[in-house]
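Only one chain is shown below, in structure tokens, and it's the form predicted alone.
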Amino acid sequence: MPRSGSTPKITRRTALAGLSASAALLAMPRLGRAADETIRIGFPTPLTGPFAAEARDQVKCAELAVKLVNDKGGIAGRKVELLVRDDKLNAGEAATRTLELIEKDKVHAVVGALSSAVQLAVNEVTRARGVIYVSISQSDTINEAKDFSKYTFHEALNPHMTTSAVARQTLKKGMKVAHLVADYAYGHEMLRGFKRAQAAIGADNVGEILHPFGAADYSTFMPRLMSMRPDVLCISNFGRDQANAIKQAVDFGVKQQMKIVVPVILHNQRLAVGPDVFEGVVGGANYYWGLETQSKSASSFNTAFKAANGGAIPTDYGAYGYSGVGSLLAAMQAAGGTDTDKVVDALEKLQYDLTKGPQHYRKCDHQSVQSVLVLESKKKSAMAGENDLFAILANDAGSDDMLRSCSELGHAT
């Protein structure tokens, strides 16, 4: 993933660039491995770059999932090891690290990635090698038939799910909506989701502005957005871009004129800039620690994470690391080991509840069917403590109805 003023932005073309050089490796048969060896899970994630805070949280939670299984004796008597690699938010780097994990480290499966485009590069490698990949990054594309394989599972929410849930809570018929969008796959998919949702509701689109990934200065965009006079401004970006864009929007007085909405409201970015900047901002989420009052599994997850991390609370994208690795290990337990076909079959049949309620992988596209939260950032005076960041506006139960249909994604029905 590019940084501002340095490398080019990631597109589908650049996400797959460099893989041809590895064609010989991809074509090689995988070597057999002893059934009693350590189970190795590869975990590529961007430990450096603008998404590093979210990536570190993913690692902590993935390590917790592994620890809990190992503390109970492992899987069929075999211990589990997590092999973390820095993909540097770069598609070529991610492909290289994934190949190394498969060819050199002999991993039994791969979980990870924190970019909708980078995960496609990881997926190209794993599906060509017949290795299970559990993606934990938001994406609509990875579920589509052209990128899907029987080895591909998507544990994260997707843009269609999050934007639909957020739109239902924030948009009404006749409202005017403007968009500020990061110019790469994540932003484009979120924009598509919002426009689809607002069309169904009857809200009017009054303009869209694309910004470069990693932009530090949004001052040229704010007057243009304010001149559109929308009721709602949807800001579709991620990581530090989200914090920077919202902060500068507030500095320009945008919140006095319109409501700010984001597809995914990020725990770490809210902490980075404080309650005054984020006050009233609404967004979707896969997880919030405050669910512990509504969900037994959320309470158990919080307790285990606090015990392993000095009392700290788990975050939204951290929870993806836990549920991505946790669901994979649960399937391995059910399969009695690491036989790929047996684990794929077990994942397809798996009913799991690790962090927030029941989830399962839909058969046609291996999308995790799960609940979607809609959160609103609290003002400082309403916070009961430093971790009381958000109010839960909605907790939409997971169902196939919240997903794009299998036929729309190009899958045979």
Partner chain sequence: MDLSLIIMQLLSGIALGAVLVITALGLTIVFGMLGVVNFAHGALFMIGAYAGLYLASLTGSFWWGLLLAPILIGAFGMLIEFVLIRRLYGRSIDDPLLLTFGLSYILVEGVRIVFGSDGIPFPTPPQLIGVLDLGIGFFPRYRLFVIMLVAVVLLVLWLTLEKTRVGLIVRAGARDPTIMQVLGVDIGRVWLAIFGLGVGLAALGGVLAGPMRSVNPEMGSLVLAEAFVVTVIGGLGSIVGAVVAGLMVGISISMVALFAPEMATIVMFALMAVVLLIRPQGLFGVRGRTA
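Positions refer to the first chain, counted from 1. Since the structure is predicted, the reported quantities are computational estimates derived from the model, not experimental observations.
One more form of this protein exists, namely the form predicted together with its partner chain; it is left out here, but the text below deals with it.
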item	value
Answer option from 183, 144, 279, 339, heavy atom within 4.5 Å of its partner chain in the predicted bound form	183
Partner-contacting position among 164, 152, 286, 244 - heavy atom within 4.5 Å of its partner chain in the predicted bound form	244
Non-hydrogen atom within 4.5 Å of its partner chain in the predicted bound form for each of 53, 251 and 257	yes
Contact stretch among 91-99, 118-126, 219-227, 197-205 - heavy atom within 4.5 Å of its partner chain in the predicted bound form	219-227
is_contact(residue 174, its partner chain) in the predicted bound form, heavy atom dist at most 4.5 Å	no
Residue 85 within 4.5 Å of its partner chain in the predicted bound form, heavy atoms	no
Proximity of residue 326 to its partner chain in the predicted bound form, heavy atoms at 4.5 Å	no
4.5 Å heavy atom contact, residue 108 to its partner chain in the predicted bound form	no
